[in-house]
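A single chain comes next, written as structure tokens; it is the form predicted alone.
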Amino acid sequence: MWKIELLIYSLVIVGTSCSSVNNKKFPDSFLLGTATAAYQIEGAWNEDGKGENIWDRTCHSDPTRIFNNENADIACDSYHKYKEDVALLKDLGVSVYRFSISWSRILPTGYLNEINQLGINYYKNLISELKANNIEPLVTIFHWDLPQPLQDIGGFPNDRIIRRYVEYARVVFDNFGDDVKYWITFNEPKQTCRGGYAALGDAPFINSSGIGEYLCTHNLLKAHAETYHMYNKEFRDKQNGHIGITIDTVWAEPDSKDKADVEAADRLIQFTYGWYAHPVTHGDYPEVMKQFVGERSAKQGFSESRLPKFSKAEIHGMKNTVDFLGLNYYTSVMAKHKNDEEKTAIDWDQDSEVDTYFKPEWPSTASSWLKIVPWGMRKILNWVNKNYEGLPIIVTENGVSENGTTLEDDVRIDYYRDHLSGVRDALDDGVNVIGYTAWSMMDNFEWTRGYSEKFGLYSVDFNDPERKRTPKKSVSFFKQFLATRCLVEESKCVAA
């Protein structure tokens, strides 16, 4: 009971609204920048030896899955325009740039039998350009774009993926590790596993609900842990880098102060963020996940839990395999306990037994899943800090969409200001948050939504063969913020 009372108390002291913008400077050491992903911006889908990945296959073989039958064959053409992009980042004033490496550009078949030097050269040149402009690379090793040959043998639910990923990561560390100090093994693994193997929201669009997402996660986490140990053994003494994983989650606000609803809200976050963060910190899945999935599996007639079990050796090897945690936060939900006595649904979304909804007064965006709830930022940062013993946290994605009809994106300015204020509030709370990279540097290919949803600071004209970049109004705001590290007028800003 005391845990529930403590959680309710924490909700009260953190508050439920952004009443004012924090006027304290961000520390000089705090990493500030923007983020992108390879498949969403690079284009050059089949140039210079790059192999086919699962999103290439989807866009070309089943284009109806993508809004307006669009694809990322050219996207923002950053493969050819990376110097222009770095110049924009330099002008913006970022201290860090988060981008991802395309597995298929490095290993066209997904295997070590073919290493593509031209692909390696591209990332070497990009990193060199960033370093020459005093911008720290924050590199994601895998951001959803699995090589198609590896999907052809089952993808992440096949445990052969573990060794393939470690081999790929070794090539990445060997070629780029001397110049990269911050690594992210996986971006939003919940979307890779839940979206790709259960919910039909992401490539490879396989429906194995209630089973596939758990098998995918189990192997992905093992791949992460083995990569961490491989880095420690082979590279850390020389390269001195930091290894993390980026996990997306909502903040879940209890529908009421009733114990059942407060527990349900926490349980939902355990089923999202905890699903991945708990194993890499504590060695195993959250107890509440093991309990709920196990009980439901038994009632459904399974001989064992649909949530796989780690062996004692795997638990030992999984524990403490991150140097920092990445957090992608965009929105919040209201959460209430779901009375599910039958427990018939075989699905991750039902296993948590939580009902969620948006409050009608929360502002909408161009994305149906994204309501503007800035006070959730401070709360989720406090939750992560409390549950994972003060590990360093980097907010690796945070942003808002609009439809691209105007460059006067005041909604984005307000969104960034209010969410960054929540980050600064969290610093005041003692949360060990060390960086923030806004999503996104520029409009890009937003997966199944194609080019219909715009998250960029810079507009990209996808009808122009040159893919012209044009600053939106938010660039001026972000540039001023990065220069002063203040969210208010500099004369009203106080030292940290």
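Start at 1 and count along the sequence shown; that's the residue number. All values derive from a computational prediction rather than experimental measurement.
Another form exists, predicted in complex with ligand NOJ; not displayed. Remarks below refer to it.
Site superposed, ligand NOJ placed from its pose in the predicted complex: open or blocked, blocked meaning at least 3 ligand atoms within 2.4 Å of a backbone or C-beta atom? After the site C-alphas are aligned, the pocket of the shown chain is open to the transferred ligand.
Identify whether ligand NOJ in the predicted complex is within 4.5 Å of every residue in the set Thr217, Phe292 and Asp347, based on non-hydrogen atoms. Not a single listed residue reaches ligand NOJ in the predicted complex, so no.
Can you check whether Phe462 is within 4.5 Å of ligand NOJ in the predicted complex, heavy atom basis? The answer is no: Phe462 has no heavy atom within 4.5 Å of ligand NOJ.
Taking ligand NOJ as it sits in the predicted complex, is Thr321 in contact with it (heavy atom to heavy atom, 4.5 Å or less)? Because no heavy atom of Thr321 falls inside 4.5 Å of ligand NOJ in the predicted complex, the answer is no.
Is the gap between Phe205 and ligand NOJ in the predicted complex 4.5 Å or less for some heavy atom pair? Contact with ligand NOJ, no.
His143 within 4.5 Å of ligand NOJ in the predicted complex, heavy atoms: Heavy-atom contact with ligand NOJ at 4.5 Å: present for His143.
Out of Tyr330, Tyr415, Trp275, Tyr168, which one falls within 4.5 Å of ligand NOJ in the predicted complex, going by heavy atoms? Contact check passes for Tyr330.
Looking at Phe302, Tyr111, Trp369, Trp362, which is the one with a non-hydrogen atom within 4.5 Å of ligand NOJ in the predicted complex? Spelling it out, the residue with a heavy atom inside the cut-off is Trp369.
Would you point out which of 125 to 133, 184 to 192, 292 to 300, 373 to 381 contains residues with a non-hydrogen atom within 4.5 Å of ligand NOJ in the predicted complex? Contact criterion met by 184 to 192 only.
For 383 to 416: residues with a non-hydrogen atom within 4.5 angstroms of ligand NOJ in the predicted complex? Going through 383 to 416 in order - heavy atoms within 4.5 Å of ligand NOJ in the predicted complex - there is one hit, Glu397.
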